[in-house]
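Below sits a lone chain in structure tokens, taken as the form predicted alone.
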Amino acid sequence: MVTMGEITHFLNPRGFALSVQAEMDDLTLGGLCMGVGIETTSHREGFLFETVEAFEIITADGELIRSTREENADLFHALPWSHGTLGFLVAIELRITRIKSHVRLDYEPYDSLDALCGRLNDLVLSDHAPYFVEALAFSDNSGVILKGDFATPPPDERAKINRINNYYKPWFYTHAERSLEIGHFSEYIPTRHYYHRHTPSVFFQLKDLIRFANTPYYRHLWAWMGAPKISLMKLTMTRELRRQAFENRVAQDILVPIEHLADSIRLSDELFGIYPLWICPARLFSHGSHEGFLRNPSNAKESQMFVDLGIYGLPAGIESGTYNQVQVSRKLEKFVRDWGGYQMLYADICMTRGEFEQMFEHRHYRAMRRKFNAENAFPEVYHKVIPEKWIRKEIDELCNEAG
């Protein structure tokens, strides 16, 4: 239950950070390690679980088991993406890295989708890739690449220090969008501010909850209270509110090979018409005989570069009443499966059980469920991430209609 905000509050003043430091304050280490954690260092480090040195879990039999890459290695590689369905996580050991006081961030604007995708591909596959890399797409033909490295601002450049998370500052993604007008620029951001740059705006979702929340008067008068707590909103959400949220807004995250990024953005534009989009490269590593929920790279190499596309907001067709969440999401999911990609499991899932098992590898996972007597104690991942029976019923009905 340790949050990212607590981690940076403790580690950063001591000159350290997690090797993969997720950006939202309220995200917990347990959820990120048993689910998936991704950040702007993931093109180097992979997902957060790749930086785990040891898990400790309580099994269904009440046994405390410690697993590492050498000790109980079969369990160690089955826990990521298992979403707490193999046991209760009680402790984690993770790699940390030394940091500096600031991140020097470069904003590179592009007015061509193909140019942005090509540059991003070259950047993350380079032997001299920046330490931090992400991109934001603001339309089907414009976006900004953000690349950064740890730095200490020299005295003659201290005017370029930007404390972006001060409550009265414009949201980070709107600040980044300025480069489409003014061109390339660079600045220094205090490291903890950088790590939590998307927290004040809840990525891009606060604009749909409080439409005027990025106006100067709101920021100066009320933004000091912070962004709404996602965990609190979920805790107080009734079944009907959950249904309305599912039917009327998009919470999608897909992971595809980086060469299919441009096609992914074009499909997102066609299906949802939502901007901005979050783009984060991530390296998938081969685990050999310990292949987990994610398959080993299809290129038969040690690793393969993927990219995460985050789609959050209100779809363009919602006001006309023509939007159907299940139908549209299933088109996106088919695209992801066809290209050997994956859907993040905190997103809205609209796959059948068979399609889900086509996307994710279940053999090793199920072997561990049998070995540690989890089958009758915990649900499988599919039922854990789609707990609402009415969603599964709607998916089945739609598939039956389609034959």
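Residue numbers here begin at 1 and follow the sequence given. Keep in mind that what you see is a predicted model, and the values were worked out from it rather than measured.
If you look for the form predicted together with a small molecule, you will not find it shown, but the lines that follow are about it.
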Checklist entry - Within 4.5 Å of the small molecule in the predicted bound form, do we find a heavy atom from each of T28, M34 and G87? => result yes
Checklist entry - Which of 195 to 203, 290 to 298, 149 to 157, 209 to 217 has heavy atoms within 4.5 Å of the small molecule in the predicted bound form? => result 195 to 203
Checklist entry - Closest heavy atom of H383 to the small molecule in the predicted bound form, within 4.5 Å or not? => result no
Checklist entry - Does E39 make contact with the small molecule in the predicted bound form, using a 4.5 Å heavy atom cut-off? => result yes
Next on the checklist: Check W278 for me: does it contact the small molecule in the predicted bound form (non-hydrogen atoms, 4.5 angstroms)?
Outcome noted: yes
Checklist entry - Is Y346 one of the residues lying within 4.5 Å of the small molecule in the predicted bound form, judged by heavy atom distances? => result yes
Item to check | Sole residue of R104, H260, R283, H83 within 4.5 Å of the small molecule in the predicted bound form, by heavy atom | outcome: H83
